[in-house]
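Okay, so here's just one chain, in structure tokens, the form predicted on its own.
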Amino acid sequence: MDKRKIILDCDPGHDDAVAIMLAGKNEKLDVQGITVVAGNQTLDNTTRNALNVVQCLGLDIPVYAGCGQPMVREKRNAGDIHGKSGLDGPVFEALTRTLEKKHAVEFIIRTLMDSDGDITMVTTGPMTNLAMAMRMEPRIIEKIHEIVLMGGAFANGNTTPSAEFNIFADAEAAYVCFNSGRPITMVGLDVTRKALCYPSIVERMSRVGNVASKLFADLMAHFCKAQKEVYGWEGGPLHDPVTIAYLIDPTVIQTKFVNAQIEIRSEQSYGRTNCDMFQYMQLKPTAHVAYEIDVQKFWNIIEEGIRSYS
């Protein structure tokens, strides 16, 4: 069976860490590299977090540091959810894994240019690295098989009433990517907010009893507590791994092919993903937007991913 080649561009982040865990040993995926961007925390923190996760899980996947600030707007992070480190909760052993010397944007460009057009870009943080790569070397655009992102919402945001964090953190970068003409699957808050990690889920995964299940439980202890304090959720919504679950089993979500545009000019609605779910505007569809998720199937995929580390 041919594995699907992906580059995982992320900003760990508790849910990014679970996405790395889910992708790292899946027999259907070939992770070419992990590229890191500032988002949930500063680039220094998100990069260290990515290295800690791959080291903890024993993954032989190269990690590349990318952009430390957005293309246009000022930086912001999500310390209220992910803590001062960006990955508060787990206690990792002394870090021995090291970053690759190449910049993440350079790695994305080189890997795509050398490919046969069979690499999927998965972004679970701000889309700065991918947008910068497109701007630096436009020839890579036609080499991208698909862009699968966790970001946006056709209903309510989580940073402003209009905007989801990953898009809001660098809407100009999202604008570049959404207007690239490449196939896009948008996994937004509309489905990820249904994947709530209740205490019963944490207990279920803990029973697996391996390094991945311990890391999952340690991650969720902080993440779920923070989500309850900020949003009142009884379980933290596990946003980012839904992208990986979709690549493993596309039937885990349902999508609708619609026109989707990124708002970058409005003061009040900056960062909104305007998804024409009812085709009011009669414009050409540009993105497959997720609107439903099979929650039971999703958690089964998560458990299978954790068991792969036994």
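Just count from 1 along the sequence shown to find any residue number. Because the structure is predicted, anything quoted here is derived from the model rather than measured.
Missing here is the form predicted in complex with a small molecule; even so, the following discussion is about that form.
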| item | value |
| --- | --- |
| Listed range touching the small molecule, judged in the model of the complex by heavy atoms within 4.5 Å, from 165 to 173, 214 to 222, 200 to 208, 131 to 139 | 165 to 173 |
| Contact assignment for the small molecule in the model of the complex, among V105, L112, L189, V148, heavy atom within 4.5 Å | L189 |
| Contact test in the model of the complex: N158 vs the small molecule, heavy atoms, 4.5 Å | yes |
| Touches the small molecule in the model of the complex: A78 (any heavy atom, 4.5 Å) | yes |
| Close approach of T46 to the small molecule in the model of the complex, 4.5 Å, heavy atom | no |
| Contact flag, N40 vs the small molecule in the model of the complex, heavy atom cut 4.5 Å | yes |
